[in-house]
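Shown below, as structure tokens, is a lone chain in the form predicted alone; questions about how it binds or moves come after it.
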């Protein structure tokens, strides 16, 4: 057994949404470093282009900016990808949004925005890309869809982010439902449920509640790029070919050990 090859994604074609910041950027950097042909998508064309240019010195990174908050945006990204490649080995649905407000004042537009980006977009984009996901897939090397969920979809979060936690719980069930629907098409669908990682979305936690939040994590620290990238590489490589419908928690024990 070649253990190096077991976890390799070299030469694979990967599309990562929400790839210009936070966990998405960590994943983009990791897959480029691992030798994958990596397409990065995010709303900001400038940030997409800048990161793609930076990482092109290390491997292949191509910017495909898109706004996935609408069905039209999902269709446009799928069309732009097909113009670039004839198959897709790994789709990572990472683009996400959050909205915090107390109960009684939580706005309908905030709830809708979070659900549209976090739940509808990954479903529609996966559906739009089924043909290219199947194009090079086989029983031994299935195409992979990796959804980015959250520990907030597993237990009640510490802050008033009602739509976010509900959306991530929905992502976990959508992962299982899609996994069953596409298993016969040589595709796997899994989710990663991260705990605390540094990002624009979690910056307020580090600024205002760092001691409290880190104290609630049994391992006593936030996640690192190596933590999230390592899990994604497992799911995307031969090592993860027989795993589907799983929600893998990467949270330092936050959701299970307290």
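Positions refer to the first chain, counted from 1. Only a predicted model underlies this, so the values are computations on that prediction, with no experimental measurement involved.
There is another form of this protein, the form predicted in complex with a small molecule, and it is not shown here; the text below is about that form.
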Original post:
So in the predicted bound form, does any heavy atom of residue 44 sit within 4.5 Å of the small molecule?
Top reply: yes
Original post:
Hey, in the predicted bound form, is residue 231 touching the small molecule, heavy atoms inside 4.5 Å?
Top reply: no
Original post:
Are any of the heavy atoms in residue 68 no more than 4.5 Å from a heavy atom of the small molecule in the predicted bound form?
Top reply: yes
Subject >> residue 240 within 4.5 Å of the small molecule in the predicted bound form, heavy atoms >> reply: no
**OP:** Could you work out which of 88, 117, 145, 178 is the residue within 4.5 angstroms of the small molecule in the predicted bound form, going by heavy atoms?
**Re:** 117
**OP:** Report the stretch among 49-57, 213-221, 200-208, 32-40 that approaches the small molecule in the predicted bound form to within 4.5 Å, counting heavy atoms only.
**Re:** 200-208
